[in-house]
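First, one chain by itself: the form predicted on its own, in structure tokens.
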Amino acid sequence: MVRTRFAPSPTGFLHIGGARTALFAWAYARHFAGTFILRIEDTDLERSTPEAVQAILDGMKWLSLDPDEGPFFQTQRMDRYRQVIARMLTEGTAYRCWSSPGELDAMREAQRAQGLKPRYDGRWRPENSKGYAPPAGVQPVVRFRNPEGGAVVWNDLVKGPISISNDELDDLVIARSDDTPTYNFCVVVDDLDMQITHVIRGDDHVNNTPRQINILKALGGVPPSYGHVPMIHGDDGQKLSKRHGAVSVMQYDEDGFLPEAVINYLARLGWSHGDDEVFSRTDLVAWFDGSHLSNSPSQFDTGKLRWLNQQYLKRADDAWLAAAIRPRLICAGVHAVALAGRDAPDLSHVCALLKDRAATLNELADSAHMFYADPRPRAEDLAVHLTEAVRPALGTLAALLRDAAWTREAVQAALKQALAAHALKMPQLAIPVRLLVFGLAQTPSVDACLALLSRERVIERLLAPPNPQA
């Protein structure tokens, strides 16, 4: 059975790169009816925080990347790690090293002076340290006894065959002098215990993989299949970072993006399925078999994400959209009473009218605001468009609307009658109508907008003196 995992370190929020890794691991497990595991790698006690853990969990929940097992926390598995280290010391696959930090620095400097790659020279390996007495006052670390000669070879799901010579790898520290196990060691024990069959992660981990494979084999395990996906770059081609704007998954929620659109977009960052641009989560699971993963860095395109989000907004249920933007309208200052008043327009009907023009929920809420707030047109707009020639036409329109059936078609007919009666063109009347009723010079089709408001409110605003912005 396929068993994948997502294993973030809780040193910050769940960022876009991590979310894509989680998505690929989740989709791969779902495609093969396997198991997706969430593991929190929180052994960095100085940088790991409960707030960061919660941010990761919130991001996973928002994206609906629900794990089948977990979350598991490495800090709760310390006894297990120490048990394995004790076994390795007994079996000879690990050993204690008493080299001080000063010795290690001097060792590396001497190697650099000789043009060699700085690396631990194995001086405390049992065969090299016979007759050495452990120095007083030095707490030893524990090192993994890396194989000598040969190479670590694996067929990467993304990069293809990779071979790393064991001569390039020194004896990795697997437990610090304070007895705490190190990252690369904990990862191996976790993958072994959790029976992970496939590891999909960023290619910044490629250099860790040969070390982890060697430790895993020393423990009698079978290495999983590895797939290392390239990094995500920003719009400018540089590695994605905070300076590119929103990189936290939950920031996209705040900015009004739909989780399904973000999932769709992330799936296309480094993976493809023909020419398909807009596809469902179900489609992704059906198609994602580990093939067609790109070996080149992906470029994050905010404009493309906005376009994709707009496609999802257009297809969204109007009642669902209304529920989604209601709290955003309230946060923007629209009183709940204004949204629920007897003559307030149905928010789902407002969403139906406006959603084709919005790229985010925030933009949709901003557009809907005009239906629930008192109009405050700009004085300069009124000066240009509310002319003496137009005022009589506004009175005629109000009179026609009093007796008209309250439908978009009837409102449109009343507008045309008023235009004909006063020899005006549509913009000459429509713009001042928009200003008086909605406070804006531009809106969607004026007849559709007017028909969403109550007859009484429209006529009252057409005839009342305007209340311009201060």
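Being a predicted model, the structure only gives us computed values, none of them experimental. Just count from 1 along the sequence shown to find any residue number.
A second form of this protein, the form predicted together with a small molecule, is not displayed here; the remarks below concern that form.
Among 99 to 107, 181 to 189, 112 to 120, 297 to 305, the region lying within 4.5 Å of the small molecule in the predicted bound form by heavy atom distance: Result for this chain: 181 to 189.
K217, heavy atom within 4.5 angstroms of the small molecule in the predicted bound form: Outside the cut-off, so no.
is_contact(R391, the small molecule) in the predicted bound form, heavy atom dist at most 4.5 Å: R391: no, not in contact with the small molecule in the predicted bound form.
4.5 Å heavy atom contact, R201 and the small molecule in the predicted bound form: The answer is yes: R201 has a heavy atom within 4.5 Å of the small molecule.
Contact test in the predicted bound form: R82 vs the small molecule, heavy atoms, 4.5 Å: Taking the distances in the predicted bound form, the answer for R82 is no, it never comes within 4.5 Å of the small molecule.
Proximity to the small molecule in the predicted bound form, single hit among H205, R376, H349, R87 (heavy atom within 4.5 Å): Exactly one residue meets the criterion: H205.
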